[in-house]
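Take a look at this single chain in structure tokens; it is the form predicted alone.
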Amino acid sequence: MSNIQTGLLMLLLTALGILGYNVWLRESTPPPISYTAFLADLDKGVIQRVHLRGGEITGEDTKGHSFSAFAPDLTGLMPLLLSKSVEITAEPVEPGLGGFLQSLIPVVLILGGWLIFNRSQSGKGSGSGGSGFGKGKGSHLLPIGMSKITFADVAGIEEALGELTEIVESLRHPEKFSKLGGHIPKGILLQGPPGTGKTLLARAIAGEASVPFYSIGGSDFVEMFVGVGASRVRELFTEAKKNAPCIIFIDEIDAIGGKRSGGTAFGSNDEREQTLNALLVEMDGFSSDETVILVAATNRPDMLDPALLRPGRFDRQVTIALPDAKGRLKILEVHSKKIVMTIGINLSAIAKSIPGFSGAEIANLVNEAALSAAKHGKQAVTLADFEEAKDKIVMGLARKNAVISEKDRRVTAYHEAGHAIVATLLPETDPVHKITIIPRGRALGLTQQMPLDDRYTYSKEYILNRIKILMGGRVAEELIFGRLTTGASNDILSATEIATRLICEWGMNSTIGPVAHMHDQGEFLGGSSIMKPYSEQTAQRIDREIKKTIEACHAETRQLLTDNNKFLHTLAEALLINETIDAEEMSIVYHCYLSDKKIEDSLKSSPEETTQA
């Protein structure tokens, strides 16, 4: 339960206590009447008994009804009570603070609620057994032997494992390094795209070294109340030093380690900055005999404060990139051990067909394949289940029950055939893996390409051919139906983005030259690119070159599909019949088209040869 929730609960309990006290006080006090009404009832003889306490009168009438009143003159009242034979009881008024204490009950309840709230907060800070921060929000301490994760559970990032092996050795045998005068790194920053195994790797370090492991998210330090985050940082490091050697892991450290505002209006009073300042001080406060290593993970290293990244704090920055084909195969092998698979599944082929997948996405792929097999009542996971899971992740869930008119199906078939043919005929492109006109996600059809090898750099020819492939769907619709549809909207958007980056970011345009006018904003998270300031004349030149590039690609694509019009019709008709065509079937259609084209070319050349003869 958070601090705010606990505080609200305490206030609610206090309010309920005050309300209950007021209800009890009202119910226990008889209804008051005026002294005149009391004398009138006494004269009528309806008063049965009274109890006197100073000037306060409480009693009952002959009907059993209770009442209360106040007598200004008890000496004159007593003869009247005796003359009416009223039963009288009395008690002296004791000097003291009874009434005052009674009025203080609500105040005591409020103070009690506040003390309980403070006690709960200090309990979070101190905990049992002196483990202050270990009992706090979002953190936990894993005793030696509890962490079962080791380097054997981490696959596909061998370079990072090799870098961290030294850290594990220093945790196991710190004296080995200290006796030579060296010191181990105080901090390790794990940076990379989401899902690449940064958190898993941090746990593996602790499990491999068999040391205590403190884990907390960066956002857990930040609270509404100023100073809470800094206090938690101090408590965390105090507790960690008591259990050295140990590891502190802060996930998503950019939540508290962002660049400081540099003395703006909200400067040093900002809660995040106070937390960051406390973290910087604590990282500098490690003594030589305290083997405490801070491991942090982030997807946005560009957002971190420079003071946090200097040597002496985060000495090492380990980049964990997306796995290559070998890495994906090893990750598949690790996760496939948890499911029942049929014999003979080629995991290597699956690994090559999922470029760009992170470790988390590969784990999800294996799980989806197992769910697919269970849904179809199979006893083991087959290759078809992996293909179905991959299509579901990459292309979206198939909408097989969607009602699509025959006219729209035909437009979609020619649209996807246009993409596939351009990708097949142009050089330096990724091979076509699958074509479908079954609606998936928000698309009515999809053409999927899979590279044969992992690509790290892209040539200008590859990029321009990518734009031509995107234009293939729109051009096919123009050639066959003579009209335009909205089906190419996403293709045009992607083509414009690629052309913009080609000119403004990669410097591949001869007119604009090798000048960068934009850059990526999201680092490992991708995201949109931001444009750098430039003049209006430069903006006009950039716009002209973007349009010129896309129009040139569109014209070349139109010529290519015009020259291979029969191939376009053949592939589209095959899609209308089968709805989905894989790489092997695409190859058969293509080779049949080539054979027919050779026959046609030979027939065209025969009359000329006869005439010459």
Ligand code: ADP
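All residue numbers refer to positions in the sequence shown, first residue = 1. Fair warning: this is a prediction, and the values are worked out from it, not measured in the lab.
There is also a form predicted together with the named molecule; it is not shown, and the following applies to it.
Undergrad: So in the predicted complex, does any heavy atom of residue 396 sit within 4.5 Å of the named molecule?
TA: Close contact is absent here: in the predicted complex, residue 396 is far from the named molecule, nothing within 4.5 Å, heavy atoms only.
Undergrad: Would you classify residue 359 as touching the named molecule in the predicted complex, given a 4.5 Å non-hydrogen atom cut-off?
TA: Contact with the named molecule, yes.
Undergrad: Applying a 4.5 Å heavy atom distance criterion, does residue 157 contact the named molecule in the predicted complex?
TA: Contact with the named molecule, yes.
Undergrad: Heavy atoms within 4.5 Å of the named molecule in the predicted complex: does residue 198 have any?
TA: The answer is yes: residue 198 has a heavy atom within 4.5 Å of the named molecule.
Undergrad: Just to be sure I understand the contacts: of 193, 301, 174, 355, which is the one whose heavy atoms reach within 4.5 angstroms of the named molecule in the predicted complex?
TA: Contact check passes for 193.
Undergrad: Quick one: of 163, 497, 387, 153, which gets a non-hydrogen atom within 4.5 angstroms of the named molecule in the predicted complex?
TA: By the 4.5 Å heavy-atom cutoff, the listed residue in contact is 153.
Undergrad: Go through 331-339, 538-546, 479-487, 228-236 and give me the stretch that gets within 4.5 Å of the named molecule in the predicted complex, heavy atoms only.
TA: Selected range: 331-339.
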